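Only one chain is given next, in C-alpha cells, and it is the form predicted alone.
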Amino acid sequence: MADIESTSYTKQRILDAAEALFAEKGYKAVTVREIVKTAGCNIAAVNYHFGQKRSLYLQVFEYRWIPRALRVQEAFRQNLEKSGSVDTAGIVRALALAFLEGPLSEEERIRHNQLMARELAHPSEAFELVVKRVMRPFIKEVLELLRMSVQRPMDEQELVLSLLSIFSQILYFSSARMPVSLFTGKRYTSGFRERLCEHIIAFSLRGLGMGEEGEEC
C-alpha cells in the first residue's frame, strides 16, 4: 500500500511541476530534466509514468486542464439551476458567473489561461483533445439553450457567431484582469465582478437585438 501511495504521489508531483513549467515557458522551452528537478524525482519516474515528454504534456491537459474546464461548465449548470431562469439574460449571467466568480482558485485560473494561450498560439494534439472533450460539447449545449431562448428568427451561423461573441466577452474579462483593472481603476472585487456580469448581459442582449428584459427590439 505504501508503495502504491508513493507511486501515485510521485505521479501527481510530476504533473504539477510539468503543468507549472509548461504554462510559464511553453512546451518547447521546458526540458524533462527541468521537470524532474522541480518535481524532486528522477528521470526514471517520468519515463515510468509518462514515457516521452509529449505524452506528459498531453496528460497535463487530460488530468489538469480538462477537469478544471469541466468544473467551470458544471458551475454554469448550477448557476442556471439556482436562478431558475433559462431566458437569454439568465443563460448569459450563469455563463459569466461561472468564469468570473467560478470554482477555480486564482492560481488555477492563471495556469489554466496560460496553457490555453500557448495552445492557441501553437496548436498541438492537446488543442484537438480540448476541442473534442470540452469545447465542442459545451458550445453545443449552450447553443441549444440560446436557440430556445432567443425570440427573434436567427440563422444558424448568426446564432453561433453570437454565442462566440458572448464567450469572447466573458473570457476576456476573466483572463485580462490586469488591463481591465488598469483602465477602469477597479479591483476585481465581488461588486465589480457583478458589475461586469451586468455589462456582459446588457451588451449581449443588444447584440442579439433584444431589450434588457429579453424582448425583441
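Heads up: residue numbers just count along the shown sequence, starting at 1. Basically, rigid core = biggest C-alpha set you can superpose within 1.5 Å across the two forms. Keep in mind that what you see is a predicted model, and the values were worked out from it rather than measured.
The discussion below concerns the form predicted together with the DNA, not included here.
Interface residue remark: residue 48 is counted as part of the site for the DNA in the model of the complex, having a heavy atom within 4.5 Å.
Under a 4.5 angstroms non-hydrogen atom cutoff, the DNA in the model of the complex lacks residue 182 among its neighbouring residues. Residue contact check for residue 70: none of its heavy atoms lie within 4.5 Å of the DNA in the model of the complex. Although the partner is absent from this view, residue 33 contacts the DNA in the model of the complex, with a non-hydrogen atom inside 4.5 angstroms.
Three-residue candidate spot 83, 86 and 97; no residue lies within 4.5 angstroms of the DNA in the model of the complex by any non-hydrogen atom. Just one listed stretch, out of 155-163, 23-31, 60-68, 169-177, contacts the DNA in the model of the complex at the 4.5 Å heavy atom level, and that stretch is 23-31. Superposition of the core reveals a Cα shift of 2 Å or more for residue 34 between this form and the one not shown.
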